[in-house]
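Starting off, we have a lone chain in the form predicted on its own, written out as structure tokens.
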Amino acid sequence: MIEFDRAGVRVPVASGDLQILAPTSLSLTEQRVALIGPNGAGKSTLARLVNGLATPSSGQVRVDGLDVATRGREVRRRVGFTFTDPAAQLVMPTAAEDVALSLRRTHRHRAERRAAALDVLADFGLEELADRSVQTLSGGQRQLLALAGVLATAPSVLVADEPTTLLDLANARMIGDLLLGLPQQLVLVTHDLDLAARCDRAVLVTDGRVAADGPAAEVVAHYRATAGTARPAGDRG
């Protein structure tokens, strides 16, 4: 379970403090939760609180009862995170080496890590790309590889921050279908409202606050109907 207990984020600016996310209380228990809203609304900040990439200025965030602020290492073993641009997390020269990097804690010997990495790549249909440079992979292949590396650690929660934004239609559908079929609890930040509507629950974030929360199809329909009236919220992510 992911719990936000009046968790808020403020950052210092020249004129004082800027509120990025108002104190927010939520309990996310559903298998697939979409975070939607306009650019700069605060939805990415909300997602990043789940594994400590952002720190609450007030309140608490807990995953399976663990306070993210004080037990971050344990939380990050439970929560995987993928970025919009896979280049932010693909750091090794080849696909196999990149997945193997994720396995260094569970497989101490290089040969074992290599074998385990190849198994992971095979699970994602990437085995033929094992020794290819990540720089030569397509956008869809890179996003799939980034997911493979994160999921290789067997997290119980996956937070995916706009994972289809940089992809063409075919690859966006492929990644979306993959995400929605995962056994992990999924927290999905997305502008793809059709994808969001397929989730179990959606949380609409506008101007740093939760504006609507409920069954995904209903919240998406509400957002479609009111998007033109939303007030710009600045650069909150």
Partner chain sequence: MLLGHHIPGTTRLHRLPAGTKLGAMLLIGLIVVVVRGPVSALVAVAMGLALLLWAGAGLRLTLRAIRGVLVVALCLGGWLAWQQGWASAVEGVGDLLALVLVATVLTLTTPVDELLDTIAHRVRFLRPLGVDPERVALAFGLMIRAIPATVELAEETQRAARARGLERSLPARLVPLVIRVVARAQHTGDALHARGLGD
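For clarity, every value in this text was computed on a predicted model and none was experimentally measured. Residue numbers count along the first chain shown, from 1.
Form predicted together with its partner chain: not shown, discussed below.
Checklist entry - Among the candidate residues 129, 120, 150, 157, which is the single one with a non-hydrogen atom no more than 4.5 Å from its partner chain in the predicted bound form? => result Checking each option against its partner chain in the predicted bound form, the one that comes within 4.5 Å is 150.
Next on the checklist: Contact with its partner chain in the predicted bound form for residue 98, defined as at least one heavy atom pair within 4.5 Å: yes or no?
Outcome noted: So residue 98 counts as contacting its partner chain.
Next on the checklist: Under a 4.5 Å heavy atom criterion, is residue 44 part of the interface with its partner chain in the predicted bound form?
Outcome noted: Residue 44: no contact with its partner chain in the predicted bound form.
Checklist entry - residue 165 near its partner chain in the predicted bound form, any heavy atom under 4.5 Å? => result Residue 165: no, not in contact with its partner chain in the predicted bound form.
Checklist entry - Closest heavy atom of residue 53 to its partner chain in the predicted bound form, within 4.5 Å or not? => result Residue 53 belongs to the contact set for its partner chain.
Next on the checklist: At 4.5 Å by heavy atoms, is each residue in 88, 93 and 135 next to its partner chain in the predicted bound form?
Outcome noted: Yes.
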